[in-house]
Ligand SMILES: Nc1ncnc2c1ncn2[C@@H]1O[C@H](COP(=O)(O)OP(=O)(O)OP(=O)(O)O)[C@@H](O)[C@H]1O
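Only one chain is shown below, in structure tokens, and it's the form predicted alone.
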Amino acid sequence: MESVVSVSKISKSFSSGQEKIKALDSVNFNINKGEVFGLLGPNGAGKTTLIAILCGFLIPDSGTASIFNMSCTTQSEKIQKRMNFVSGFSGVMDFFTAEELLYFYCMLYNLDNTKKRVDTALKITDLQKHRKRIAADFSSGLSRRFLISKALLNDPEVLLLDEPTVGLDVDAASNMRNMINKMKKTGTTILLTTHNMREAEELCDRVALIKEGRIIACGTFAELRKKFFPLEVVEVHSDDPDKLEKQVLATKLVIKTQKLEDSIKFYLKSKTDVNKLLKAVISSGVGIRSITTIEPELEDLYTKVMRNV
């Protein structure tokens, strides 16, 4: 696959009085063309610092960052013509309508075909009916959609989204995710930071987990699940968990068990053993109320990795 964004051994520190704070510590990753790449981590982990370096706003202490094989430090102006950035914490200027502001940004970006660009951006973000409204009076959801429309004016090949759904209600956040999916389908390469694990699982092709400035895990959800949750888990609610556990252990299918109040979890090596376990449970003669295969979610993986590293 073609790599569009490349980060190699990036480190960045800041001084706070007598203390030196390391915001990024030898960070490495690549983002492929057309990929939605999630950068996940707690506040202060280094996500926004890294985005600022990719945008050319900050210079790293060491390492290199490039987009389209151009240096984010020395060739940021060329890169910015082909990329854009949206932050969930950005504001909107007062007194101007959404349409007026978009024409203003077209002028700042030195773009041609401004009417077509503005109309297209408003259409993608479903803001046509709000184009004559004062943008500063928009709700949080409409403001975020406006910021997306601004970022789409230069038809970016790469889009950096720093917590685009932060503070949004359920409907507004859903609309934002739908827009991101639309952009993904057009081949836009997207770097997304978010604290919403369900959102990341829905949108991202791969994720990197960052803690205290270091990437501690990176890959597809399937790859990370296999690495950090290698065992299959089946939970059985039974009238007699003790008897069920004894009979299942006799089959030597399970690696370990975990008894709860009225249920028991069985841990197995592979999916092929799940069917064998189900047959053993059913044939045990013990009263069974439910059988559930436990699939870890990205939030489970995130919590486990962050606590153990």
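Don't overthink the numbering: it's just position in the shown sequence, from 1. No experiment lies behind these values; they were computed from the predicted model shown.
Note that the form predicted together with the named molecule isn't included here; everything after this is about it.
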Only one of Asn30, Thr48, Ser263, Ser66 gets a heavy atom within 4.5 Å of the named molecule in the predicted complex. Which one?
Thr48
Which residue, Glu99, Asp205, Glu163, Glu157, has a heavy atom that falls within 4.5 Å of the named molecule in the predicted complex?
Glu163
Any chance His195 has a heavy atom within 4.5 Å of the named molecule in the predicted complex?
yes
Going by a heavy atom distance of 4.5 Å, is Ala23 a contact of the named molecule in the predicted complex?
yes
Can you tell me whether Ser15 touches the named molecule? I mean in the predicted complex, with a 4.5 angstroms heavy atom cut-off.
yes
Residue stretch of 253-261, 278-286, 37-45, 239-247 approaching the named molecule in the predicted complex, non-hydrogen atom distance within 4.5 Å:
37-45
